[in-house]
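Shown here is one chain on its own, the form predicted on its own, set out as structure tokens.
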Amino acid sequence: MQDLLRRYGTGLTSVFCLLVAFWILVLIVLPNFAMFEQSFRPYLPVVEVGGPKDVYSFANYSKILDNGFESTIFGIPVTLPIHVLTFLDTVFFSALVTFFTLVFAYPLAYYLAKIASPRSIPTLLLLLFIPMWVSEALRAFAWYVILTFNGPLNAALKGLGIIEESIRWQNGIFTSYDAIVIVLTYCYVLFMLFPIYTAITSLDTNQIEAAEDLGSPWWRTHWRVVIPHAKPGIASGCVMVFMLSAGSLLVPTVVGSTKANWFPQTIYTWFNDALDWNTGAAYSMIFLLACIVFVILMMRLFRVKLSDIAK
């Protein structure tokens, strides 16, 4: 705050603070409080709203436990409510997308920050930014075409002799969520890349050279020097990628198979198809709580503060 006052003066700093307060209060806090309040009220006809039946309860939250479904988890047969299973699948595969983006983004971020020529950095960053100029909808539909049964991916693999028959990628080779994981990883890898790149850029190269001069192998140099310094960037990237992946609605709708159901699709069904905004609000609150728990876990895992993630 002192820096803002010194740089912009009292008047302009006050305007900035008021705009930020308006954004947080009116566009984030109040809508979420309204949704939280609606999540405890029953879905009633308009004429009965405010009547004797309009009482607060946990009935909307308990609906997530309805409709048992037989499934297997790590080869163990279990019976879970269908919406709980959808919720667990969404959290698990969103975490898997986060892991894959970290695996792809970290080496590239290190290369850009410490190995690539400074003259080539603007060109490389431009090449990375070009896909972001295209909307997520177009990228999702492009991947839908690529992954179709008679699409270019199967044609290329058959032309190279890798496969003999076309693969139904959208139905999944390993799970029903394979296509969703692939496309989400592609869409959000840059959200992991740039926070890590920014963090590694601030690392003094002399520390890396000193570790190498002392005989440290490359993996130990990264484990003991680079990764500890890049922890805020890694935590920030993990939080962004997980929340974007878990909250994605377009990509699972476009490329997902009939057997793959993303939890935001369930929330959308309650809001749009069933017109039950109260139950949809309850499911949204459950999902919001899961995202908050994930952020807290990332902060504990990487031992960073919320201020470090926000940088």
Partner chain sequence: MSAGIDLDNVCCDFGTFRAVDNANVSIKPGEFFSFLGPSGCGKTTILRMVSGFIEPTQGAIRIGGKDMRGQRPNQRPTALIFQNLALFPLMPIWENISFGLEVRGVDKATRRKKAEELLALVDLPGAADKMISQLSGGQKQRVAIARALAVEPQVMLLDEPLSALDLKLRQHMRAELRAIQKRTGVTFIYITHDQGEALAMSDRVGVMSQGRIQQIAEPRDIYDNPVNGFVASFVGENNIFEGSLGPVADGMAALTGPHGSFRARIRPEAEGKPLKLYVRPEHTKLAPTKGSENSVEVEVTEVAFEGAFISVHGHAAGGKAISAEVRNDGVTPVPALGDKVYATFDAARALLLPDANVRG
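Worth saying up front: this structure is predicted, and the values here are computed from it rather than measured. Residue numbers count along the first chain shown, from 1.
Beyond the structure shown, there is the form predicted in complex with its partner chain, which is absent from this document and is the topic of what follows.
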Check, residue by residue, if Gln38, Gly51 and Lys53 all come within 4.5 Å of its partner chain in the predicted complex, counting heavy atoms only. no
Heavy atoms within 4.5 Å of its partner chain in the predicted complex: which of the stretches 112 to 120, 128 to 136, 153 to 161, 212 to 220 has them? 212 to 220
Quick check on Val225: any heavy atom within 4.5 Å of its partner chain in the predicted complex? yes
Ser202: heavy atom within 4.5 Å of its partner chain in the predicted complex? no
Look up in the predicted complex whether Thr79 has a non-hydrogen atom within 4.5 angstroms of its partner chain, and give yes or no. no
